[in-house]
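Take a look at this single chain, the form predicted alone, given in structure tokens.
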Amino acid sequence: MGSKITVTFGSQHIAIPEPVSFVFETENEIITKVDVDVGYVHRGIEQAAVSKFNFNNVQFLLARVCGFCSITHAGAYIHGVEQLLGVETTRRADYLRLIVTELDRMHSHLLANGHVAEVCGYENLFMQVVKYRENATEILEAITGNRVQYDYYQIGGVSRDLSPEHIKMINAKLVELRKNVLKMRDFFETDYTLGLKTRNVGTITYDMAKEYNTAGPIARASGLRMDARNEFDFLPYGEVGYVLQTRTEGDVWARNMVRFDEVINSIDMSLYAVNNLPEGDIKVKVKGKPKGETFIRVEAPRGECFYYIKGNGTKVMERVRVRVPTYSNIPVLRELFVGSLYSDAQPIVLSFDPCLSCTAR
């Protein structure tokens, strides 16, 4: 008979920057049972979207669902409204939207991998990742005015254009970022000690990933070829060099590597887009009020974000419903802990990059 201990992991914990609580029952350092509670934050954003805001201002509210995913939430809603209004945006606006969306993915993925390095004991590596990530956030600030939570998407287009000075600066910073990301990726791939903390740890098989309907890098690290960018043409990913990134190992290491591979691809797509911007306006005129219903699937940094919106021809939307990727990934995370070492709990949960701000709307 081993020593049985109940351990509370969160909701406030140095390794979890999100309000989620796991209660582990352990025996000889092995987790044998898990209870999870994600119900610490309730903000009523969906209800506010259909009661407190006109439809053409709802995107500013939804951008506050999450600072890191703000462009995804605002963008998904606006794509839906544009469908209901029959709006066709210009190719230049679409390219600008894509650039900012991929910059958002870059800095989100890098911070996620940095957190994994930190809880594995590599605090200096975490600091390097955050330092290199500054290139992406500085570009976002130059384009949109903010480092995070940028109100760039607008119904009919975007709020700001790129100047020749912007294009020159973006090229220089993205080239530098690509070089540094490849350096970090090589370290994650080859370092023996970091590999002991991440390889064959928290493994999700292909069948598990499919059964639990996982999303984003979690799914792709287990071999599921799922990415909304590969399925929908809201943005011109087919023109800028998008490549679906997958792994088969399904462990903490594979989830890190998928994110690095996606950052490299995001950099390449952004470089192509910024140097091949179509001519034209950045915004078209929009008339009318949304009537009807539609759904939108877009790829947030953490995975597929699903929006259902319904308008009734008035200035206030009738329904705005959001399903975020962390909501899909929590069930498999709970099962994954069972049988794992308690010491592996931190890298496992951070390799999921959970966002309870998105989940508790």
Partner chain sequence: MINPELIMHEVTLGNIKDILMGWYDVDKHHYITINAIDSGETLTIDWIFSEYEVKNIMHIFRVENIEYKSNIPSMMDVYPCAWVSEWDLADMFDLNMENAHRGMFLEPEAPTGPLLKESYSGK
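The structure displayed is predicted, hence computed values, not measured ones. Positions refer to the first chain, counted from 1.
In what follows, reference is made to the form predicted together with its partner chain, a form of this protein that is not presented.
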Could you check which residue among 257, 87, 162, 201 gets a heavy atom within 4.5 Å of its partner chain in the model of the complex? 87
Which is the contacting stretch out of 232-240, 108-116, 264-272, 248-256, given heavy atoms within 4.5 Å of its partner chain in the model of the complex? 232-240
Residue 37 near its partner chain in the model of the complex, any heavy atom under 4.5 Å? yes
Look up in the model of the complex whether residue 331 has a non-hydrogen atom within 4.5 angstroms of its partner chain, and give yes or no. yes
Hey, in the model of the complex, is residue 213 touching its partner chain, heavy atoms inside 4.5 Å? yes
Mark residue 285 yes when one of its heavy atoms lies within 4.5 Å of a heavy atom of its partner chain in the model of the complex, and no otherwise. no
Could you run down 309-347 and flag each residue that has a heavy atom within 4.5 Å of its partner chain in the model of the complex? 310, 318, 319, 321, 323, 327, 330, 331, 334
